[in-house]
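A single chain comes next, written as structure tokens; it is the form predicted alone.
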């Protein structure tokens, strides 16, 4: 009997493609706790009837890895989720969570469906190029999602909350056995906690701790130094998204990142997270540094998808040549920069924060090397070649090392 238990427990990683159902497998008593005798009974049943083999494997996993009890976590939506068995088939509708899964060392071979934006990011997510697409959070393909028989679907918590609420509600009606989990994985204030929760959820605790240490050390390198800069002496920053004269204000992820880097967001008190500005307001604000975001809309170039340096130069020249901009301190002092959303808008925004810190306070951060940090992140946590950092352009002008 002991031998049978050991053999089946060792086979737990050989997952058969079947959707999970609610309730602990093998919990005959219904008390939400799997006892040893219940597991033994399930093993014996599986030996007689192979159709119960997957349930027995799941039961062995729960018994040996979760102490026989369901896993309970609170995701970024604030809801408690109960996980009854390990995931076999996952649909991920936000690439930020998928990237974080790789960072903590999760085996993403269980991912059977991804959103259309992940499919487009072939340089960063090459392993998913042949994975079925399920649309996006704004236009989900419910028929495809259901056909993939997932036991878990990951969507955002805060971004486009109404769209993700609708996805969760619809899946609860059509596929009540599917667990919906909500994480953002791009906001500085919540990301450290999300790393830990995902590590626990996916049984990647050690990988989660390793990545969190890497992330925290690179953020702390910046924040510990800028803490010494008085608020009234911080550099005045105008940040512009890929929509001309559209900025960021308090509550947005970009505002958080500017402040982490030691900048004072001159439009941080505007109404709304992403207010549109009158060009005259930018001139009147006299920014000492300008950060322009590229990588989407009419500025879709660069980053992991590649792009010639010439288009960066032309975009930068057009920026500083705007009417009246020659009088701005940022333009006079050559402190205008382009930064790609790939390193500022997703999970590895800490790379972009390091670039901004170098730009804002070159004397304080002369030893900071965001290029090296970026390369280490790709090789150590993403399984991608470091050569990407040298071959592609993520900021302009390029950092002098």
Partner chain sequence: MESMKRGHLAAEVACILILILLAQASAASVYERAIIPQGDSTYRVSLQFPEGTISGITETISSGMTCKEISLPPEQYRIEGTTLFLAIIEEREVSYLVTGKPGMTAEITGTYQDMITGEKGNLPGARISSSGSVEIIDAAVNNSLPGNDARSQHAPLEPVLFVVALCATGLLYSLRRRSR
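Positions refer to the first chain, counted from 1. From a predicted model like this one, the values you see are computed outputs, not experimental measurements.
In what follows, reference is made to the form predicted in complex with the partner chain, a form of this protein that is not presented.
Peer 1: Whether residue 46 contacts the partner chain in the predicted complex should be assessed with a 4.5 Å heavy atom distance threshold; does it?
Peer 2: Contact check for residue 46: yes, within 4.5 Å of the partner chain in the predicted complex.
Peer 1: Heavy atoms within 4.5 Å of the partner chain in the predicted complex: does residue 349 have any?
Peer 2: Flag for residue 349 set to no.
Peer 1: Classify residue 343 as contacting or not contacting the partner chain in the predicted complex by the rule of any non-hydrogen atom within 4.5 angstroms, answering yes or no.
Peer 2: Although the partner chain is absent here, residue 343 would stay clear of it in the predicted complex, with no heavy atoms inside 4.5 Å.
Peer 1: Can you tell me if residue 371 lies within 4.5 angstroms of the partner chain in the predicted complex, counting non-hydrogen atoms only?
Peer 2: Close contact is absent here: in the predicted complex, residue 371 is far from the partner chain, nothing within 4.5 Å, heavy atoms only.
Peer 1: Tell me whether 134, 142 and 148, taken together, all sit within 4.5 Å of the partner chain in the predicted complex, counting heavy atoms only.
Peer 2: Judged in the predicted complex, none of 134, 142 and 148 sits within 4.5 Å of the partner chain.
Peer 1: When the partner chain is placed as it is in the predicted complex, which of 333-341, 357-365, 24-32, 52-60 ends up with heavy atoms within 4.5 Å of it?
Peer 2: Flagged stretch: 52-60.
Peer 1: Going by heavy atoms, what in 77-94 lies within 4.5 angstroms of the partner chain in the predicted complex?
Peer 2: Residues within 4.5 Å: none.
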